[in-house]
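Single chain ahead, by itself, as structure tokens, in the form predicted on its own.
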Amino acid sequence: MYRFIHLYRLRMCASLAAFLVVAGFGTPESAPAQTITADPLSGKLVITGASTLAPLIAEIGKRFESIYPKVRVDVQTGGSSRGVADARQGLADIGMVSRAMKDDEKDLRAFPVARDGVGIIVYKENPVQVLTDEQVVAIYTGKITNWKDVGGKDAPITVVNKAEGRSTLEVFLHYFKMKNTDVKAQIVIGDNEQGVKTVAGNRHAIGYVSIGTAEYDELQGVPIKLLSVGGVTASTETVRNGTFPISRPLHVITRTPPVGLAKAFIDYAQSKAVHDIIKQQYFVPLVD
């Protein structure tokens, strides 16, 4: 009887050992254990919001996709207000906001990725080289309506303003201490590129856009020029060194603390690995 029990135990031990080997809990020396690795990131990210930030995030998204081929990053514009609304309502995984966050947006998680400035643009051949803050306010409120009154040619000024919900509008109005109802505009535009095209196509127009966008387009031969503000040249460099008076943080935002794919993308967008993209887009990295 004892011999029968002993043999039974030996057989059970052998069976258990075989099970453990098959299950991966142990392997014979002749067969090295397999390394179990997590699946690479995959899925789709929908990112909506600020048109200022969209080209940068789109380029970061392309590089992110090249690292993780199973990921797709869909970037859509519509203004910072859309970015906030879509993030809150769950219509987007990540929102884009090209300004400081407001007090009533503290429920959202904001992650800065770069800085930018807002600059005033006119047609390249406009003889006006500089405007004082008071002159800008007078032009936008309809008190000055002809370029000759600020050192230019005898021609009516076409005032180009941004549409409601655009953070560039909010930053511009805040700096010049105006309300949007005070503005007497002939043309209302949406994104920065539309503003650039409008001024480039109208010799007597004045508008304001992202400095990064304007610098990039100037280098591509678009006939516009940036005017100084407060006596400071409008450029990426003056935004970088903190002397340009109209600058803003560029944020990506989420409704809840990001996890998974969204967190991986935000971490990447905040890393030094994308500083070259940020500079190529004429924005300022947060840390050099």
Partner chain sequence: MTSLSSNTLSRWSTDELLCWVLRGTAAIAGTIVLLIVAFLIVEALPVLHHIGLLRFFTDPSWHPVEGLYNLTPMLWGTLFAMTGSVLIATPLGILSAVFCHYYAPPALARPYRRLIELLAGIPSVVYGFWGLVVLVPLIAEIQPPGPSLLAGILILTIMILPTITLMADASLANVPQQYVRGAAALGLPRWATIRGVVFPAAKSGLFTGVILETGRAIGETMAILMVCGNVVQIPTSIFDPIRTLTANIALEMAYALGDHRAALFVSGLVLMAMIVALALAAEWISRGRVYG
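Positions refer to the first chain, counted from 1. Note that the structure is a prediction, hence the values are computed from the model and not measured.
Another form, the form predicted together with the partner chain, is not on view; read the next lines as being about it.
Chemist: Is Val150 close enough to touch the partner chain in the predicted bound form, meaning at least one heavy atom pair within 4.5 Å?
Modeler: No, Val150 stays farther than 4.5 Å from the partner chain in the predicted bound form.
Chemist: For Ala185, is any heavy atom within 4.5 Å of the partner chain in the predicted bound form, or not?
Modeler: Flag for Ala185 set to yes.
Chemist: Any of the heavy atoms of Asn202 lying within 4.5 Å of the partner chain in the predicted bound form?
Modeler: The answer is yes: Asn202 has a heavy atom within 4.5 Å of the partner chain.
Chemist: Would Ala163 show up as a contact with the partner chain in the predicted bound form if we use heavy atoms at 4.5 Å?
Modeler: Because a heavy atom of Ala163 falls inside 4.5 Å of the partner chain in the predicted bound form, the answer is yes.
Chemist: Which single stretch, out of 103-111, 83-91, 185-193, 130-138, brings residue heavy atoms within 4.5 Å of the partner chain in the predicted bound form?
Modeler: In the other structure, the partner sits against 185-193.
Chemist: So the CA-CA distance for Tyr282 and Met178 moves by at least 3 angstroms in the predicted bound form. Closer or farther than here?
Modeler: Between the C-alphas of Met178 and Tyr282, the gap narrows in the predicted bound form (3 Å or more compared with this form).
Chemist: Versus the form shown, are the CA atoms of Ala54 and Ile120 closer or farther apart in the predicted bound form, given a shift of 3 angstroms or more?
Modeler: Farther apart in the predicted bound form, by 3 Å or more.
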